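In what follows, one protein chain appears twice in different forms, each by itself as structure tokens: structure 1 and structure 2.
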Structure 1
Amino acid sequence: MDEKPKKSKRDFLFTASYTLGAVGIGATIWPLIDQMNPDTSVKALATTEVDLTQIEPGNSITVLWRGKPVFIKRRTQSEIEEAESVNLTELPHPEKDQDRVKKKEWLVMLGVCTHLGCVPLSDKGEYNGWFCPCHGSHYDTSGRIRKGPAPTNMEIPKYEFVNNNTIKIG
């Protein structure tokens, strides 16, 4: 009874059948799962062009890109200086201001709080940047997290300057 039975041809057939069966079930389930991922029509709406001429210094606009708000802020000189003068060791998610912008004057970022996805309010909070009303995250003039539950700085989307007055997001 204690002796291990020898591996027979039948055991091999069982293992082979179970394996093939598992692969077959997996291949059948995958379309049912993957249909929930973004479809081609959603992916097609991936870029947005924005005209910047109407934005005065100190003002910002919000545009919709991939269903998410993007903040485009024309920063004042003092806001730029404030963002650049911060000591990186004070930051929960250290990033230099210059790494977050293409032109110092323009801050382009996803207006989505990295905590649970609310839209932060501009010119609010303890760091003169943004404040998320949902769970109290404070962001500075570079959109970096300074205080509150959000784990990271607000995300910078892929964008480029088409010319001096137009950017293309995505």
Structure 2
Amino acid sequence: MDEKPKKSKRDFLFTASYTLGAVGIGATIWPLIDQMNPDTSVKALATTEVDLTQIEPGNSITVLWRGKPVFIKRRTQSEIEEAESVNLTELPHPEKDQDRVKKKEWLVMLGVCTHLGCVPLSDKGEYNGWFCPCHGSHYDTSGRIRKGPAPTNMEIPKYEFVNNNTIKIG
């Protein structure tokens, strides 16, 4: 004959105690875990939308994103042609212009020299792009390093075109 084990008050008390203990530990640990999430001011800086309608061909603006300058340049047709015609074997850090832009007319990149983190000057230098006066790095119209101590091209942040007149960085 099959006898089923009898449930006792003691079994119920053990189960209830374990459950209550697990809930208590979870309620105690949750605030510690939740405080590691970024606060709303940090989340707000994660993306930046920029209106492009005020930028004339040949001009650029600088916006802040995550505390860093971002250069947005509306390139002229001659600047685009100059950037596309560069022989990649001449570049210390070879990268095609087409790989650095989403639309030929617009160049979006972090405005930080890759040598020591200075902010290069726009429309300066030997290649009509950017020049970092701190140590003499020259960048072309695509933000690629051409001359000087900088080891790599200026970084392209994650961005997308929301519409024809707006981009979202981040």
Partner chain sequence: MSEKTYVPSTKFGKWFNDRLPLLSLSAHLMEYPTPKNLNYWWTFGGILTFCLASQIVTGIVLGMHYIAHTDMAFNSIEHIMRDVNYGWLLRYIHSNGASMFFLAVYIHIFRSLFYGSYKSPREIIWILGMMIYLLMMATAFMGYVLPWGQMSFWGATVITNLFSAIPLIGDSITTWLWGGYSVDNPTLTRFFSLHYLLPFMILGLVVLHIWALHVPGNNNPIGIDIKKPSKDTVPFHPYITIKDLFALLIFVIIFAGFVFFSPNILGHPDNYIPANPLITPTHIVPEWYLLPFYAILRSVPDKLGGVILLFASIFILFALPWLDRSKVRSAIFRPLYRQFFWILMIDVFVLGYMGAMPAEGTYLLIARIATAYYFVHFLVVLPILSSVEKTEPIPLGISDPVLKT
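All values derive from a computational prediction rather than experimental measurement. Take the two forms, superpose them, and find the largest set of C-alpha atoms that agree within 1.5 Å; that set is the rigid core. Quick note, the numbers are simply positions in structure 1, starting from 1.
Report the structure number, 1 or 2, for the form predicted alone.
Structure 2.
Rigid core fitted, is the C-alpha displacement of G117 between structure 1 and structure 2 2 Å or more?
It does not, since the G117 C-alpha is displaced less than 2 Å between structure 1 and structure 2 after the core fit.
Examine G26 after superposing the rigid core and state whether its CA is displaced by 2 Å or more between structure 1 and structure 2.
It does, since the G26 C-alpha is displaced 2 Å or more between structure 1 and structure 2 after the core fit.
Using the rigid core as the reference frame, would you say Q54 shifts its C-alpha by 2 Å or more between structure 1 and structure 2?
Not so; Q54 is displaced by less than 2 Å.
Taking the rigid core as the frame of reference, how far in Å is the Cα of F12 displaced between structure 1 and structure 2?
Comparing the two forms, F12 shifts 41.5 Å at C-alpha.
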